[in-house]
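For this one, two forms of the same chain are given in structure tokens, first as structure 1 and then as structure 2.
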Structure 1
Amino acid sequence: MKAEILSIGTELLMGELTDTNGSWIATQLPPLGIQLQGISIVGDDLPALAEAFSRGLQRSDFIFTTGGLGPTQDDLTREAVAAALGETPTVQREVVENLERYFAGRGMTMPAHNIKQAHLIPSAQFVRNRNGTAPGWWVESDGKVIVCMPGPPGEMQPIWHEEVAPRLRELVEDEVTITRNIKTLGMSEAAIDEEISEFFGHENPYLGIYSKADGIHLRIIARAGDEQVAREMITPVEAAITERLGAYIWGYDSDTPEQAAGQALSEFGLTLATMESCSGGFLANSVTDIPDSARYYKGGVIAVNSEMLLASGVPPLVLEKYGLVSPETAMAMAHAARNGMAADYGVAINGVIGPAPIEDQPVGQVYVAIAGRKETRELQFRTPPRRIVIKRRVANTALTELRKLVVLENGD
């Protein structure tokens, strides 16, 4: 089964928004046995959209779209599908009433333009959207399927999980594709390639290697007639990678550094405090992206100068001897955070974010220190001298190293 994705909206072509929906849907298709042929961005132009649907129906079994389902004049997805299929939309009174209740529940009167969202063609069925006013469309014509979903990810992703994916599983039976993503940190791409070289270059299962902001990712992809067989194909490859790279593996699949660290702290009932001097609170922000982080996160300090470091518990002698940016100051910060907030672990970030060097240290020089219950960890490295890269990489490194230390000190 072949598919393509249309991300719809002139704002995407203008660079005002970045299309994240297309890549997200792409990750959902392999486990369903659907092969993605391509992703296109199409502006809010009716002839161009209708042509895109007509071409897609000729070469693909499925077309998935996001965007263009709103109530305004430039929301043209419905009209374009109707034009491509030669069908006429009509207003569905039941949906109008649902929209009216939606607005009434918020103390508002439904604008007349929202009636547009109640249009339907004979080949289409509505797809329920419990998070917004725009229902999706599921269209079947001549053995082909078009699935139209709203653009906001907070609406699109629930629709996919709750409505679209279950229907696709009923339709697709030929082949299943299973992936396993293994995430590492601390080894270079070349070193990993050398360590597990014999697993590269095979078609099924396929092993890919990717450099990411949180380390080197290894993705195993297996295709088979059913899910169990595909997973059995992945197992020996994953086992060999784990055996050889286990010390550098910090997560799997959709894990993030903050999830992995938070899970380890939660598992052992431990707490965390942070102190940052060059990352502007990026580490604290990452930690608190996890909904239940309040269970283990005591809090954080952003100290951008010596006065704030002193006020936060860093000993004056350390700053006098080693300066604002140094591994020794980073470790003193980690201990100050841990002791000052009575946490089990203290993590500190110290470095030079720019635009100019500090104390003869170049932009991109960073130090990470972790004060644990029994041991400490120190890391120092250079990153490209771009602010967001420095923040992201040092925070990811701090969290993955924290997870390793927590597991080491408290695991079996």
Structure 2
Amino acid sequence: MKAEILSIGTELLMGELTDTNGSWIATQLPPLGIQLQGISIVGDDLPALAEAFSRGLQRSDFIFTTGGLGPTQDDLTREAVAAALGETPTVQREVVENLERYFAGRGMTMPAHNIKQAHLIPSAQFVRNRNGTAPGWWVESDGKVIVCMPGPPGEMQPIWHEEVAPRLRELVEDEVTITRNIKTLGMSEAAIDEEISEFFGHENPYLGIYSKADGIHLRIIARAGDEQVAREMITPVEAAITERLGAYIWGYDSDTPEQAAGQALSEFGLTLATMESCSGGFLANSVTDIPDSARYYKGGVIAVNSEMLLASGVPPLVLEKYGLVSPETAMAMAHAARNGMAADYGVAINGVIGPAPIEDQPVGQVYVAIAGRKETRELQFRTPPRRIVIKRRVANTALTELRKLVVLENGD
């Protein structure tokens, strides 16, 4: 079954907003066995939209759209579907009443133009939207399906999970695609390639390798008549990867370094403190992106100069002897964080973020140190000299290394 996605809105063509709905829906389709042929971004222009629908109906089984369901004159998705199918919209009384209740519940009367959101054509049914005034449309015509959803991700994603995906699952029973994402850090792409080379180059299960900010990801994709069979095709490949790369694997599927590290700390009831120089708060901000982080994160310090390092407990002798940027200073920071904030683990980052070199060390040179319950860890490497790349790489490395040490020191 083939699909395409239309992301609708002139603001997407002005560069005001980057479309993220397209790539989000793209991630949802492989497990349903639906093959995505393309994503198109189209402005709020009726002829262009109607043409996009007509062309899509010729070459795809499904068209998924986001945007253009609001109440204003610029919102033309409904009109374009009607035009492409040659149908005429009518007003649905019960939806008008729902809308009136929605506004009344907020102490307002419904603006007249919201009546557009109660329009329907004969081939369409409404799709419930719990988080906004714009209901979606589910349209079936000549064996093709068009699903229109609102643009805000906070409305679209719940609609997808609750209303759209279950109906799609019923429709596309012939093939299931299962993916398994295995995330590694510390081994090069070439070395991984060599280690598991016999699994590459097959159609099904397919093995892909991707270089990301948090390491090298391996993605196994299996297609089969049912989920069970697809999972059984993945098992031996995953087992071989685990056996050969085990020490470098830090997470699976949608895991992030901060989530994997946090989960390890939570599991053993342990706590964390951080001290960073060059990463400037990126590490702390990643740690606190996890909702449960208050349970294990005791706090952090951003120390970008020697006064702040001294005030945070780094011994003056260390700074004098090893300078601002060195593995020794990073380790002293890790101990100072651990002791000063009474945490089980202290993680420290220092390095050269730029624009200028520090103490003759180039931009991108970074040091990670971890003071653990029994052991310590030290890492140093050089990243490409772009500010955001340095921050992201060094923080991700610190978090994956932390997870490894927590599991090593506390696991069985």
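Nothing here was measured: the structure is a model prediction, and the numbers come from that model. Along the sequence of structure 1, residues get numbers from 1 upward. Basically, rigid core = biggest C-alpha set you can superpose within 1.5 Å across the two forms.
Which of these two, 1 or 2, is the form predicted together with a further copy of the same chain? It is the second structure (the form predicted together with a further copy of the same chain) rather than the first.
For E97, state whether the C-alpha moves by 2 Å or more between the two structures after rigid core superposition. Yes.
For a quick test of reading the superposition: does S254 move by 2 Å or more at the CA between the two structures, rigid core aligned? It does not, since the S254 C-alpha is displaced less than 2 Å between the two structures after the core fit.
Tell me whether H119 is among the residues that move between the two structures (Cα shift of 2 angstroms or more, core superposed). Yes; H119 is a residue whose C-alpha shifts (by 2 Å or more) between the two structures when the cores are overlaid.
Once the two forms are fitted on their core, CA shift of Q73 between the two structures in Å: Looking at the C-alpha of Q73 between the two structures, the offset is 2.6 Å.
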